[in-house]
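The chain below stands alone, shown as C-alpha cells; this is the form predicted alone.
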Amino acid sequence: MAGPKNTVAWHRNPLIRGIIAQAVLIAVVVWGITTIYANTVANMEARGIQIGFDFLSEVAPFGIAFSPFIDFNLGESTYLTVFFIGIQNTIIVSILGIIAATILGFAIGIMRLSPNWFISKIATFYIETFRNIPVLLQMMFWNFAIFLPLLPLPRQSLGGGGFFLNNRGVYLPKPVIENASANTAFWLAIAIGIAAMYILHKIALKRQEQTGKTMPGKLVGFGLLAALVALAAMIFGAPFGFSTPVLGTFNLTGGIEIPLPLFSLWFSLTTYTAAFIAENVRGGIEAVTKGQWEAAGALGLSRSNLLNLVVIPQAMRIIVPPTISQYLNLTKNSSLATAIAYEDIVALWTGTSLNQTGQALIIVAMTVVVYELLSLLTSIALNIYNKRVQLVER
C-alpha cells in the first residue's frame, strides 16, 4: 500500500518562492525606471524642452578635427554622423590601448619575476608608480607638461622620409590604392597566408602532442604569408602607393595625422593599465606550483622555453579573468579624453552635441548604451578566449 505523498505548501516551496521574489524585484525595477522616465519627461516638457530623436537628422553646426574612417563635412553632416564618429574614435583608442597595454603589461610582469635584481626593481618601480597615480592626472601630465612644451613646432618637426613628429601630432605615410586588381590579389594572398598559418599551427600542436617534438608552425606560416604577398606583388604589381606628409606654410599636409591628444590619451591609458596587467601576470605565474618549475628545469629547458611552454600556458587561466576587467576599465577610462581635447563619444556627443541641442536625456542614454555594448562585446569575446585556455580536468 502506497504511503501518503510528502507535499509542500506552495508558499514554502523554495522554487516557487524564488520565482515570486524575482518577479517582484523585476516589477519594482521596471516601475522605478518608468516612473523616473515619466517624471523626467514631464518636467522637461513643462520647461519647453522637446524630447525625441528628430535632432539626429539635423545638420551639426560645428567641425570635427579627427575622423579617419567616417567623412564629416561641415554644414552637411548630421548629428547622427557625429554620434558614429564619437563611437569610432572611442573604439580606435580602446583597441590601440588594449593591444599596447597587453604587450607592455606582460613584459613588465615577467620582468618583475626576473632573477636579475636590477631588472626586477625597475619593473617594481614602474608598477608601484603608474598604478598609484590617477589616470586623469597622468593624461594631463603627459599632454600638457611633456609632449606639448617639449615637442617642436610644425616647421621644426622631428623626423623625415614621410614620418614626422611635432606638438600637433604624429604624421605617417598614407596608403592609397593605385591598382584595383593588385589590391584584390594582395588581400587574397593575406587571407590565404593567414589560413595557412592557422593550419600549420594546428599541425605543429598535434605533432608536439604525439611525438613531443616542436615544429615552428607559426614561423613557417609567416614565411609562407610573406612569400604569397611578394608573389602577388611580382605578378600584379604594387597594390597601392603612399601619400607622404609635406611641410606647408604653417603645418604638414597629406598622409595620416595622429593628433597629439590621441597619442597622449593612448600613451597614458597604456602605461596606466599595463601596470595592473603586469600584476595579473605576476600573480598568475607565481600561482603555478613550484613542482612545475622544477620539473621543467630538470628537463633542461631554458628559462624562455620554461616560461613559454610550461608556466605561462598554465598561468593564463589565472591571468585572463582579471585582465578582462582591466580591458573594460581602459575602455571606460577613455571617456576622460575630454580633459585633453580628444574627440571621443563623451567629448563630441555628451559635450558639444548636448550643448547645441539640449537633448540631455536622449544623448546621455545613447552614450550609456554605447559603453554598455562595448563592455559586453569585449567581455563576451574575452570570455570565449578564457574558456579556451582553461585546464580541462579528467
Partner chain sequence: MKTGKLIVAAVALFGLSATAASAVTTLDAVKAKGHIQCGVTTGLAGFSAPDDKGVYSGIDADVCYAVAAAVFGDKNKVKFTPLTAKERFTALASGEIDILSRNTTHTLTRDASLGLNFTYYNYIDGQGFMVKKALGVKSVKELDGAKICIQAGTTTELNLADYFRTNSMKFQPVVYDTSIQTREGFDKGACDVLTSDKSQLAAIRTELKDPKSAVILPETISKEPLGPVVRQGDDQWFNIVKWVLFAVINADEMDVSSKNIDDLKAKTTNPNIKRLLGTEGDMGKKLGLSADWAYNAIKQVGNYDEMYTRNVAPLGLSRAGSVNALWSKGGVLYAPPIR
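Numbering follows the first chain given and starts at 1. All of these numbers come straight from a predicted model, not from anything done at the bench. Under this definition, the rigid core comprises the largest set of C-alpha atoms superposing within 1.5 Å between the forms.
One more form of this protein exists, namely the form predicted together with the partner chain; it is left out here, but the text below deals with it.
Peer 1: State yes only if every one of Gly159, Phe163 and Asn333 has a non-hydrogen atom within 4.5 Å of the partner chain in the model of the complex; otherwise state no.
Peer 2: No, none of the three is in contact.
Peer 1: State the residue from Pro115, Gly75, Gly300, Gly291 whose non-hydrogen atoms include one within 4.5 Å of the partner chain in the model of the complex.
Peer 2: Flagged contact: Gly75.
Peer 1: Identify which of Asn183, Gln138, Gln314, Asn251 has a heavy atom within 4.5 Å of the partner chain in the model of the complex; exactly one of them does.
Peer 2: By the 4.5 Å heavy-atom cutoff, the listed residue in contact is Asn251.
Peer 1: Report the stretch among 206 to 214, 164 to 172, 269 to 277, 121 to 129 that approaches the partner chain in the model of the complex to within 4.5 Å, counting heavy atoms only.
Peer 2: Looking at the other structure, the answer is 164 to 172.
Peer 1: Leu148 versus the partner chain, in the model of the complex: is there a non-hydrogen atom within 4.5 Å?
Peer 2: Yes, Leu148 lies within 4.5 Å of the partner chain in the model of the complex.
Peer 1: Can Leu373 be called a contact residue for the partner chain in the model of the complex at 4.5 Å between heavy atoms?
Peer 2: Contact check for Leu373: no, nothing within 4.5 Å of the partner chain in the model of the complex.
Peer 1: Hey, in the model of the complex, does Pro61 get a heavy atom within 4.5 angstroms of the partner chain?
Peer 2: Yes, Pro61 sits close enough to the partner chain in the model of the complex that at least one of its heavy atoms falls within 4.5 Å.
Peer 1: Whether Ala238 contacts the partner chain in the model of the complex should be assessed with a 4.5 Å heavy atom distance threshold; does it?
Peer 2: Flag for Ala238 set to no.
Peer 1: Going through 333 to 351, which residues have a heavy atom within 4.5 Å of the partner chain in the model of the complex? Please give them in sequence order.
Peer 2: In sequence order, Thr338, Ala339, Ile340, Ala341, Glu343, Thr350, Gly351 come within 4.5 Å of the partner.
Peer 1: Spell out whether the Cα of Ser379 moves at least 2 Å between the shown form and the other one when the two forms are superposed on their rigid core.
Peer 2: After core superposition, the displacement of the Ser379 C-alpha between the shown form and the other one stays below 2 Å, so no.
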